[in-house]
Ligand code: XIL
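Just the one chain here, the form predicted alone, laid out as structure tokens.
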Amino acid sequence: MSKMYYRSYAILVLAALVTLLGGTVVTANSPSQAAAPTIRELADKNHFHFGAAASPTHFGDPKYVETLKTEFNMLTPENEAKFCSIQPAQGQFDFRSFDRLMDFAQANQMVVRGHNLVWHQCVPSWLAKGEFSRDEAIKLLRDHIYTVVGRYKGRIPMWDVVNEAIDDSGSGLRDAPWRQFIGDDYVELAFKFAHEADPDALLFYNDYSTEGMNAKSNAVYAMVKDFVARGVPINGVGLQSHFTVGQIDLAGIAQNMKRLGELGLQVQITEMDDRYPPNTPDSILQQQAGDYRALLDTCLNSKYCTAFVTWGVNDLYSWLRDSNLGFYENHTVKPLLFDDEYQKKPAYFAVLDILARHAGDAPILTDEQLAAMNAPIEAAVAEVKLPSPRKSDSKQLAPDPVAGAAYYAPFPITITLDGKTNDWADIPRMTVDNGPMVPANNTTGMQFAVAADAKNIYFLAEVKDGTLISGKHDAATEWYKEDSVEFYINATGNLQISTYKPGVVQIAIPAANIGHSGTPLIAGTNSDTVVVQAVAVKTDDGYIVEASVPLVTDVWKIVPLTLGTVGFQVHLNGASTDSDRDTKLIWSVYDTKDESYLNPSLFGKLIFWKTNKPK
């Protein structure tokens, strides 16, 4: 077996007919080019596990049941195996839902991927609010893992033992309840207990935003490398793979798979879905198909990658449709292989094609169809016509900004990050006081300015806010729920791209940086790809943020030239209570629905302006 992984559960099922549209676009509603197999049949032929997250709450839907058992040879319990589901009260275990899922898998000869034993977001209240000594907490952890893994010993060949333990910044373990009770060694203890409960089960660490090469994946690598060196029982790493269309770093993922595999570990794609911004045309589904095909190809080309799991069976039941999610706000998104009515989407045929090719079968898709999947999807944004640059005050070092559309950044300007604004004199300010979330009688607002020297772009935010809320939420993941400033840069050279790629960054600077010493607290999409320096100081009526990013990084090379342009955006988040933000102000006139964090085509412009007055 070429992938160092037994696949004794693999069986063949009857081939189903699928339909393909000739030409450049793949659909599911036209005559078939030829009879084609199911994903499950081709996965079995590749001796490979292709699965989906599943829940028995949907078993009342006959199409759900049929699609799950016909197309997938593996399933992952979506919520049924998690601590808070199985042990809602101390010492009281409820296996009814999980057993129902297990019975389904057994009846349909499907492998079950156990998910998960320990996760900070699924801790029952009796545990989270309890008071336990270290020894008591270790016993609770051991008893839970022994009970759950022991019950399914020999029936579940692999488990996600610990899920999402690493802080998003990659600085170490997040401050989870188990860590508070036990200490940093709770992770390795969980692996030891799982191994003791079932010595034959493969044990995985699972996390998100760790697919490619970044600070967080480096932290995961360092942890599991240490485990391997010290003999902590671990067999693999799960890469969740919750992506946005067009933002998959395939080279980084391949590199990460290789280094993990060289430790003797397996790698699995465990929770794949591919979202996109609201109001995106359906043509985005072609590029989504290209993402699925390319990621699966990367996995199949790696001798260390042993499974590929989508997080859900069809779009209708995707977790991304949850209206309570505050960070994925497209509630009509179609992130999976089957649509709401179980019609096969372009991504389905893309998966089928790459499985067929790896199995040595005839391709499912033509070169023309593949080219359509690889074509970039660009957003059509109505352009604000900029007036000729002018200075309303002769002392200004750059022309007047154009509200919501363009900011002229003078260079070369000497700026010191010290929370003082004297070196920002004569640099125009741009006011931000409108947005999608403005409370009645709002007094929160911001002015910003931008400048550059030979090495850096500098950003200044002068925030007026009578009530500052900071340090109440995780600065890496929930900074937007409290007072914070965001600025965005698109240095790809294409200001119309509608998805994040290397060279597009969202830089979030929480007010929690006020009084914070050491490395600044920085968050936001791709913010770890650039070195951000920042300071924040409290003022009589709010706070000031100064920040810098290099002109030359691994993902961009920005050369300030007069009228040279990059994409740019500024946001302000304000909160008056500890629970969540109640103010959201946005500079760009293109972003009317707070979607810049998904769609860089909604940015305005940052235009460089050489000044003849050295500072």
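In this text, residue numbers run from 1 along the sequence as written. Computed from a predicted structure; not experimentally measured.
Beyond what is shown, the protein has a form predicted together with the ligand; the following relates to that form.
Only one of 240, 287, 498, 87 lies close to the ligand in the predicted bound form, with a heavy atom inside 4.5 Å, and it is 240. For the options 79, 506, 434, 477, the one in contact with the ligand in the predicted bound form, meaning a heavy atom within 4.5 Å, is 79. Of the stretches 92-100, 163-171, 197-205, 445-453, only 163-171 has residues with a heavy atom within 4.5 Å of the ligand in the predicted bound form. Contact check for residue 104: every heavy atom lies farther than 4.5 Å from the ligand in the predicted bound form.
Mapping the unseen interface onto this chain, residue 227 falls outside it, with no heavy atom inside 4.5 Å of the ligand in the predicted bound form. By the criterion of a heavy atom within 4.5 Å, residue 116 is counted among the residues contacting the ligand in the predicted bound form. In the predicted bound form, the ligand lies within 4.5 Å of some heavy atom of residue 271. Heavy atoms closer than or equal to 4.5 Å to the ligand in the predicted bound form belong, across 435-463, to no residue whatsoever.
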